[in-house]
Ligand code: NAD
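A lone chain, given as structure tokens: the form predicted alone.
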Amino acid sequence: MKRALVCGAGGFIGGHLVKKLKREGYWVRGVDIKRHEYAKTQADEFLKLDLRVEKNCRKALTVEGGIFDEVYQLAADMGGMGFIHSAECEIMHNSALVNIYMIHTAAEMGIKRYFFSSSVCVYRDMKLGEPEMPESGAFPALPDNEYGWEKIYSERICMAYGRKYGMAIRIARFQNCYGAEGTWTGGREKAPAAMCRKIASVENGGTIEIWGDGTAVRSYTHVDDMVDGIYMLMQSNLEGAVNIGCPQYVSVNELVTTVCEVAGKKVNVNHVKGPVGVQSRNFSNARIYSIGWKPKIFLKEGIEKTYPWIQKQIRKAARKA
């Protein structure tokens, strides 16, 4: 039985990744600074550790009878666009510490396969209609935010340790990920969850607020597709950074329309000032396609899976209030 360590197992994607690895027959240890807020962990063992502390990284990586076959490093201080723009120092400080200590300790302990979760935030702003950007388009570097700069640095340090210690490094640049059991309120939620919450919280014909004019374009990847991509990438021989995302690009206004269709509501939209991020995204997924991965869940189906779960959380919160 293979053994895997999932750092960030108390988070959204990490929690789903634990379930995926268990389905694949792994013994899994999950590690995070907190337990999962919405789901009972399915890891065989869960350690509550602050990975900004070097000795805790060693504790996370220490397992009886040898070493982990695979390490998945998803632990990070992150959230949606509002959090990314308001917590620049926390993101760069906390995530950099985790990534430096984890890769250094893993290398020292002889880990052979190491996954790092990066982000398409490493790329520059794009204009509407630009050709697809391959992974090499991240350089020369010009990310729109400090979250992206930290991800670029962490990618480079992982690759440097991989070269020096003979580690197989696998790096995925995630596009916006959404689904059930993710953050949906509090300021760290991503756009699909925020939109589901806002529309679920108003009466039919009510009004919601969105940041900007709603023309910014994004791709949204359902978490089930994302964890399948992570797993396939880790098993592959594909070196270097790899984009994982759905090729369906929609504007924020189109996202609102899709959520309304699923909710069976019509809402009015009040456009307000707020952090929008880049105007457009359009990335090539050719590298991840080359190993047989393709997204199976497109936006409307993904929202149909996500909206009822968020609606249920809102009702639970209302009963507790």
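Every value quoted in this text rests on a predicted model; they were computed, and no experiment measured them. Note that residue numbering begins at 1 and tracks the sequence as displayed.
Omitted here: the form predicted in complex with the named molecule. The next part is about that form.
Within 4.5 Å of some heavy atom of the named molecule in the model of the complex lies at least one heavy atom of G10.
Using a 4.5 angstroms limit between non-hydrogen atoms, S117 touches the named molecule in the model of the complex. When contacts are judged by a 4.5 Å heavy atom cut-off, Y147 counts as touching the named molecule in the model of the complex. With a 4.5 Å cutoff on heavy atoms, F174 counts as touching the named molecule in the model of the complex. For the named molecule in the model of the complex, the listed stretch (291-299, 277-285, 48-56, 250-258) containing residues with heavy atoms inside 4.5 Å is 48-56. With the partner omitted here, the residue from M195, M78, A241, C158 that has a non-hydrogen atom within 4.5 angstroms of the named molecule in the model of the complex is M78. Using a 4.5 Å cut-off to the named molecule in the model of the complex, not one of K2, K22 and G229 places a heavy atom inside that distance. Although the named molecule is not shown here, in the model of the complex the stretch 22-47 places heavy atoms of D32, I33, K34 within 4.5 Å of it, in sequence order.
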